[in-house]
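Okay, here we've got a single chain as structure tokens, the form predicted alone, with questions on binding and movement later.
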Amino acid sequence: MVYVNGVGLLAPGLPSWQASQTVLCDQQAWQFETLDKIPAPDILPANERRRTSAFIRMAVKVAQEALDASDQNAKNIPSVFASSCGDFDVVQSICIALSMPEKPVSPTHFHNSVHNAPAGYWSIANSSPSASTSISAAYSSFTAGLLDAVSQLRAGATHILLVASDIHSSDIYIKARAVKYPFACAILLSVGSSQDSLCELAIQPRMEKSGTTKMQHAGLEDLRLNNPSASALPLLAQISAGKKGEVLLPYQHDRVLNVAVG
């Protein structure tokens, strides 16, 4: 059993966790709104803010939102950053530069191209020496990140921050890996309940082949199906509902992970 102590969210029509709960609970209609510009988080030093990409800004923003809902110090909390695809825009820019005669790769793009770039910026923003894991598992990346986070709690961590983010595909990748929308979320988990706790999660140890939990709203279901990190949406909807229920999350080889929310 683990506890949810804070959530962050950013996606089209879902500008934050606080502003999106009525939509996730079907109390308010979801309306598509593009994420035209994502401001660099103020917690980053000025030099680092200038170097961030939209992908990095999304991850840091939701991480900060999840922490702001609790009384925990981010400096002391280990983290897991999950992403299926990483930063499409940066990788595309590097590939284009490498195809040119002089191969003019931007140092900033090279710096941001590694899969753990968001985790690095998060650590810099909080002067954090805490351990961080960056993980990718194709379309199961959110579930893999959740399993990793819960495993660390069971191994002795008291709190852990899970961040999942994927940005929409760049032009040259759209046929090979179609990600239609940007999406990022963060969940602060702990081993004990507190006044900050939103709910408890029981991660079922068995995995079985079964259908995954879907979103009732057609637009949100389209978002879930077209961004690997957005597979978190049914879990976030169940958390926002504030009642008991079971969520089936996609995992490898057409299997699912059972998550009981209470």
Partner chain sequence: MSAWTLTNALGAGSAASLKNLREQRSGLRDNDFPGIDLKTAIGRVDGIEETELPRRLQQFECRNNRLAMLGLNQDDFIAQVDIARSKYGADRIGVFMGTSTSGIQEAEHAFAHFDQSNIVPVEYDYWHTHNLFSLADFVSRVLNLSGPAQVISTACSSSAKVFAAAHRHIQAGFCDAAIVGGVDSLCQMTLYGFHSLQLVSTQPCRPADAARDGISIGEAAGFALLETVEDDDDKNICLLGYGESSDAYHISSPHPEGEGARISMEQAMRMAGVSASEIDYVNLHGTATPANDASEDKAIMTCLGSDVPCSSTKGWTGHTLGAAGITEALFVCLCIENNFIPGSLNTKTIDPEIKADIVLENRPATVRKVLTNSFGFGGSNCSLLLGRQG
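Quantities reported herein were computed from a predicted structural model and do not represent experimental measurements. Positions refer to the first chain, counted from 1.
Only in words, not in the display: the form predicted in complex with the partner chain, which the text now covers.
Participant: Just checking whether N76 would be counted as a contact of the partner chain in the model of the complex - the rule being heavy atoms within 4.5 angstroms.
Facilitator: No, N76 is distant from the partner.
Participant: Using 4.5 Å between non-hydrogen atoms, is Y251 touching the partner chain in the model of the complex?
Facilitator: Y251: yes, in contact with the partner chain in the model of the complex.
Participant: With the cut-off set at 4.5 Å between non-hydrogen atoms, does E48 touch the partner chain in the model of the complex?
Facilitator: Close contact exists here: in the model of the complex, E48 approaches the partner chain to within 4.5 Å, heavy atoms only.
Participant: In the model of the complex, does D171 come within 4.5 Å of the partner chain, counting heavy atoms only?
Facilitator: Because a heavy atom of D171 falls inside 4.5 Å of the partner chain in the model of the complex, the answer is yes.
Participant: Taking the partner chain in the model of the complex, would V191, H217 and S240 all count as contacting it (heavy atom within 4.5 Å)?
Facilitator: Not one of the three qualifies.
Participant: Within 4.5 Å, heavy atoms only, one stretch in 35-43, 191-199, 64-72, 48-56 touches the partner chain in the model of the complex. Which?
Facilitator: Of the options given, it is 48-56.
Participant: For a quick check, can you give me the residues of 92-128 that have a heavy atom within 4.5 Å of the partner chain in the model of the complex?
Facilitator: Heavy-atom contacts to the partner chain in the model of the complex: Q92, I94, C95, I96, L98, S99, K103, V105, S106, P107, F110, H111, S113, V114, H115, N116, A117, G120, Y121, S123, I124, S127, S128.
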